[in-house]
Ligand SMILES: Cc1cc2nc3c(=O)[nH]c(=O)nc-3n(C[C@H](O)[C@H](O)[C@H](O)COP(=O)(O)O)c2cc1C
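As a starting point, one isolated chain is supplied in structure tokens, in the form predicted on its own.
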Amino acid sequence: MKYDELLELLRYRRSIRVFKPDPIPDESIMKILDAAHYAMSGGNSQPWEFIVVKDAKIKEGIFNAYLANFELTYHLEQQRAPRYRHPAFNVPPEEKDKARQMVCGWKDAPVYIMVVEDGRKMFGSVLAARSDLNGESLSVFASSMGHVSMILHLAAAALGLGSQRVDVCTQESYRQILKYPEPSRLSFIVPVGYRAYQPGPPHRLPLKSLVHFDQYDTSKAIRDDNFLEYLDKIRALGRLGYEDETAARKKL
């Protein structure tokens, strides 16, 4: 693959929150998982497993378990000043259904890939990666799970499919449905399906604001007095993505 092709794929990959109900070939799902299992991990520990869910009843149970996450997140976000809330949760209580619609559109995805993690497998990594060294613990486990997450989404995009990362806040309700044993945990959910809309371009900060040469350019540092300005910027960029989705949803 050439660089321009990689960059095109990275730009094409977006978090898709509304899916067509059309089924996905099993071959496509296995290709996504095949790519994902090549993700790098600390000490090649590969601390992940995948549960592919297509059964409608099981999917409904998973989604209902997620709704508890939604309620918790919504009420926590209300503690922030409105301008700093996550764009999907910046609605008053009487309009909470709008927030639910924005973040719960993945319900109708034909396939859920449930990514399960097992921290014991990280013993395959070096001990320094598992140690709290002078209060500066190296989160190799979290990084490894992040790598597999990104590969899942890129593989889906390469097949012309949409995907989204859905993080979970609790375990027991999912554990009862999916039957994964202790001490394994559900790390995140990846709904996969055909895009029901075409999102706008990705919204990113200018690259020049993130790059330093030889040493850190302290003029770019986020200080206490301008951190809220930074938060304003990323909230504004985030709103653009949700506005794309809302506009597209109205056309469906």
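Sequential numbering from 1, following the sequence displayed. Please read these numbers as outputs of a predicted model, since none were measured by experiment.
FYI, the form predicted in complex with the ligand isn't displayed, but the following is about it.
Asks: Applying a 4.5 Å heavy atom distance criterion, does residue 108 contact the ligand in the model of the complex?
Replies: Taking the distances in the model of the complex, the answer for residue 108 is no, it never comes within 4.5 Å of the ligand.
Asks: Would you check, heavy atoms only and a 4.5 Å threshold, whether residue 166 touches the ligand in the model of the complex?
Replies: Residue-level check for residue 166: yes, a contact with the ligand.
Asks: So, in the model of the complex, is residue 212 in contact with the ligand at a 4.5 angstroms heavy atom limit?
Replies: Outside the cut-off, so no.
Asks: Quick one: does residue 242 come within 4.5 Å of the ligand in the model of the complex, counting heavy atoms only?
Replies: Contact with the ligand, yes.
Asks: Name the stretch: of 198 to 206, 56 to 64, 223 to 231, 32 to 40, exactly one has residues whose heavy atoms fall within 4.5 Å of the ligand in the model of the complex.
Replies: Flagged stretch: 198 to 206.
Asks: Can you name the residues of 2 to 31 that have a heavy atom within 4.5 Å of the ligand in the model of the complex?
Replies: Heavy-atom contacts within 4.5 Å come from 13, 14, 15, 17.
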